[in-house]
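The chain below stands alone and is given as structure tokens, in the form predicted on its own.
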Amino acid sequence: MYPFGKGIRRLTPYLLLLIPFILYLVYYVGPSAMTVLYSFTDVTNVPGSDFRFVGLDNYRELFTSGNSAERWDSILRTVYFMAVVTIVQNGVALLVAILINQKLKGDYFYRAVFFLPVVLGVAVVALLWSFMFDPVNGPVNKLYRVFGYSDTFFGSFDHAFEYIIFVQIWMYMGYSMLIFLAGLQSVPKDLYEAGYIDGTSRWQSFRHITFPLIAPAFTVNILLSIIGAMQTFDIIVATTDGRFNTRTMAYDVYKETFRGTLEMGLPSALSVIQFLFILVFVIIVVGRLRRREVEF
């Protein structure tokens, strides 16, 4: 049977999908393809200006020019940022999700509290933590002074990047927590009861029952964390504006595109490099996690 009828009516679902497909091509595939194309040209941001193909010159300039050391620092800093955020954010989110899943009193309140930073927005979060980390009268620094320590927080060359990592984890941990919580609530209770009868401990129940069954949720969270961390630039702009050793690849793309020279070829090349880094990490990590799901 054909729910949309026969004849030309059978094309109805395809016609309904045609508009979003066209919008996807125009606003996603098109700009992505043009970015790759521009990375091989000397195109500028001046309307109507001519441009020519320069081959791999933009890519060479990224890693051989006078500020190539800063590029490598940004790449290493991005990888460090991605690794710490992915591991800590998902570890804390899983722990919180397990605690909330224990049917605590007021669990819906806790869910809302932990998810609230996700909906606040970067500007509000940056303003909030700039106040909390105020080096003069901020409450965190007052607490530090009780223990005989003080810091300049977002103004510190040594620690500013770590504080940005903390803010990133604080902001998006609630999102990961909800995904884990959805996975935990889908685990059949009968399996825990059977394990209890067999004498399994809580750790054995988690290792052999809970974790294998929430493996898809774990994979999704790792994937989202890697992509999100590798693309993060807004919280850096709002807190340090790339100063104090906090520049990442995403921030460099933003700065070169919107606040640098009028050249578009160089930031396009940097965007392609950033995409390749994300692609490599996603293929390696998520591919491994998918194999683990099959093994479980």
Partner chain sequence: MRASRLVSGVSYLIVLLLIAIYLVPLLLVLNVSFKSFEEFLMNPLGLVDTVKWSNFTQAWTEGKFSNYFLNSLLYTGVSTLLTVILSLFAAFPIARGYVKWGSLIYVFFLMSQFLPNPLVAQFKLMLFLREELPLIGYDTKLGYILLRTTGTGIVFMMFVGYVKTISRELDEAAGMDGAGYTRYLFQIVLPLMKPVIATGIILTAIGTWNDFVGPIMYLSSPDNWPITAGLKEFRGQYGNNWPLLACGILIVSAPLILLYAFIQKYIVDGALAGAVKA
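Each form is matched to the other, and the largest set of C-alpha atoms that superpose within 1.5 Å is called the rigid core. Model, not experiment: these values are computed from the prediction. Residue numbers count along the first chain shown, from 1.
The following text describes the form predicted in complex with the partner chain, which does not appear among the structures shown.
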### in the predicted bound form, the one of Gly195, Pro212, Pro117, Gly155 near the partner chain [non-hydrogen atom within 4.5 angstroms]
Pro117
#### Entry: Residue contact check: Asp134 to the partner chain in the predicted bound form, 4.5 Å heavy atom
yes
### Task
Considering only heavy atoms, tell me if Arg77 and the partner chain come within 4.5 Å of each other in the predicted bound form.
no
### Residue contact check: Gly121 to the partner chain in the predicted bound form, 4.5 Å heavy atom
yes
### Query
Gly91: heavy atom within 4.5 Å of the partner chain in the predicted bound form?
no
### Query
Going through 102-121 from first to last, which residues have a non-hydrogen atom within 4.5 Å of the partner chain in the predicted bound form?
Gln102, Leu104, Lys105, Tyr108, Phe109, Tyr110, Arg111, Ala112, Val113, Phe114, Phe115, Leu116, Pro117, Val118, Val119, Leu120, Gly121
### Query
With the core lined up, does the C-alpha of Ile19 move 2 Å or more between the shown form and the other one?
yes
